[in-house]
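Below you will find one chain, with nothing else, as structure tokens; this is the form predicted alone, and questions on how it binds or moves follow later.
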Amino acid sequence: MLSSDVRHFSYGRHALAEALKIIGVGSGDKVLLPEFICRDLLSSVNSLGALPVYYGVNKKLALDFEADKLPAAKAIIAVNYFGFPQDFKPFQDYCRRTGAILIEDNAHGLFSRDEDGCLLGTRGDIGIFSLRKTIFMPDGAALILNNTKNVDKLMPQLEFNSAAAPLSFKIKKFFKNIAPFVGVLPLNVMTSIVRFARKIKSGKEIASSSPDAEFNFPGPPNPCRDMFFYFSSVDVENEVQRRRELYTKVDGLLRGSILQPVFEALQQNVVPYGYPFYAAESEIRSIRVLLRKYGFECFRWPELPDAIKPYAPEYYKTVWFANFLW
């Protein structure tokens, strides 16, 4: 993905912050973003002194009211949740009415296309990708300018980080490499031990984001030195097929139970980030046990912004997904 209109970063939050700078977002400017979003993303907005303004989404994770009711803002962020294409027409209508810049958050949908065959991340004025969420790598993200009017504002590509991959990544890589030979049971046992130790130490099996995640970035913006190695080692056609087959497999395991899938069907051009579904806290234990028998881990998503948590509808809090990264 190295070209004159693409810049690479360590994390998508750095890429989004740069996108906002390119379009001139500054102190006091409004940025529209969905309520259903990871709180970490707010660091990109808050770092510039901009004001996050939220819009709601329905249970299909689409805009839940007319676009003409949205307030004016400098930019609006549309999210392709779990690799499924967001309906762009309401957002395009909004931008035509207000002159706002449309940023497509495609952190989950690196290889996905919409029903017209258009690659996700290329439909808005600017696309944001989190490569590390689709490809196993220490870090990696990208910004792509789809509207050439701002290309002169792109900064030079940052130097790549020459530091060695962190120990946690090396451990995960080791387990990923041996999984085809030892099966899922030893890996499940090891994962359980690690999470039990974490729960004893912090009270939680899955680590939460830091209290200041809405304001601070996770380290420097420079991408890892081996990013292109990891990217070029992926057989895209096989990865697309693998993810779609995993989605079908999990759907077969879970559909018909008391849980509800977020999306009714896997469209032809979608390359899913994972299998998203709704489940109550009381239901998730048995679902986890079932999925782990087949080598799948599942997680709740997202960790909502602090401003949204007090009044968030219940369905914002009950989305889980089976992870396909491994």
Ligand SMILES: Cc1ncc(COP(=O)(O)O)c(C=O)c1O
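Each residue number is its position in the shown sequence, starting from 1. Quantities reported herein were computed from a predicted structural model and do not represent experimental measurements.
There is another form of this protein, the form predicted in complex with the named molecule, and it is not shown here; the text below is about that form.
The candidate stretches are 104-112, 169-177, 154-162, 67-75, and the one lying within 4.5 Å of the named molecule in the model of the complex by heavy atoms is 104-112. Screening 48, 38, 266, 262 for any heavy atom within 4.5 Å of the named molecule in the model of the complex leaves a single hit, 38. A single residue from the set 79, 145, 137, 213 has any heavy atom within 4.5 angstroms of the named molecule in the model of the complex; that residue is 79. Using a 4.5 angstroms threshold between heavy atoms, residue 11 counts as touching the named molecule in the model of the complex.
Contact between residue 243 and the named molecule in the model of the complex is not found at the 4.5 Å heavy atom cutoff. Of the heavy atoms in residue 130, some are within 4.5 Å of the named molecule in the model of the complex. Remark: residue 301 counts among the residues lining the named molecule in the model of the complex, judged by a heavy atom distance of 4.5 Å or less.
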